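Next up is one chain by itself, shown in structure tokens, the form predicted alone.
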Amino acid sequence: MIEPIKKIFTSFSTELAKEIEVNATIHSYKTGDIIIRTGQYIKNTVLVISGKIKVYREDENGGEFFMYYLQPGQACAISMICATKNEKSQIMAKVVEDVELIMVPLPLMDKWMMQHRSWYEFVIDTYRSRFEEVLEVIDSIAFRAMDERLEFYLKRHADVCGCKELKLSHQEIASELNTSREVISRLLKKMEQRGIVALHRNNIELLK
């Protein structure tokens, strides 16, 4: 297992990879599974081996706002913070492509911060990259009109999947951008007229 860990988490030292092999556990989840729920206590740090996870912020009425993806080689910064401070989760994490995860118990996370430089740097880099990504989302909300937010949202999804054809419904987009399906459908139609996207029956194709 050491070699697969080092192949995915390239910055990890051999010593750290050995400790993960001995102490951590591997879990698999299917598309649609909820692995972290809003309000639950988090006892493990989650490292993604394969698949994709979407991280959302939920409001009191059950509305969902998309924050960021988790992909192979990444960890959830917000869950790390909640686990370390023994606080309830402020996010919900849903599997969007079958995943395999490494679960690192909280006591080991604290221990490795002091014992393994590669773990310390990984955690700090995780905080930094997620902070930058959340700032982008805030900028999108605060300073962009809905049509610009929609274009940013689509390009962000395309970057993650490395593809131009996005399997997203108008309702799904509307929910994640906290607006109505009618608004999204109207804006997508305008984007199609401008040659930015092509709308198909089951997907949206980015042309630019």
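Numbers for residues come from their place in the sequence shown, where the first is 1. Worth saying up front: this structure is predicted, and the values here are computed from it rather than measured.
Separately, the form predicted together with the DNA exists; it is not shown, and the next lines address it.
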request  = Choose from 151-159, 57-65, 174-182, 28-36 the stretch whose residues reach within 4.5 Å of the DNA in the predicted complex, heavy atoms counted.
outcome  = 174-182
inquiry  = in the predicted complex, is there a heavy atom of the DNA that lies within 4.5 Å of any heavy atom of residue 170, even though the partner is absent here?
reply    = yes
task = Answer with yes or no whether residue 141 is in contact with the DNA in the predicted complex, where contact means some heavy atom within 4.5 Å.
result = no
message = Quick check on residue 18: any heavy atom within 4.5 Å of the DNA in the predicted complex?
response = no
task = Flag residue 194 as yes or no: does it have a non-hydrogen atom within 4.5 angstroms of any non-hydrogen atom of the DNA in the predicted complex?
result = no
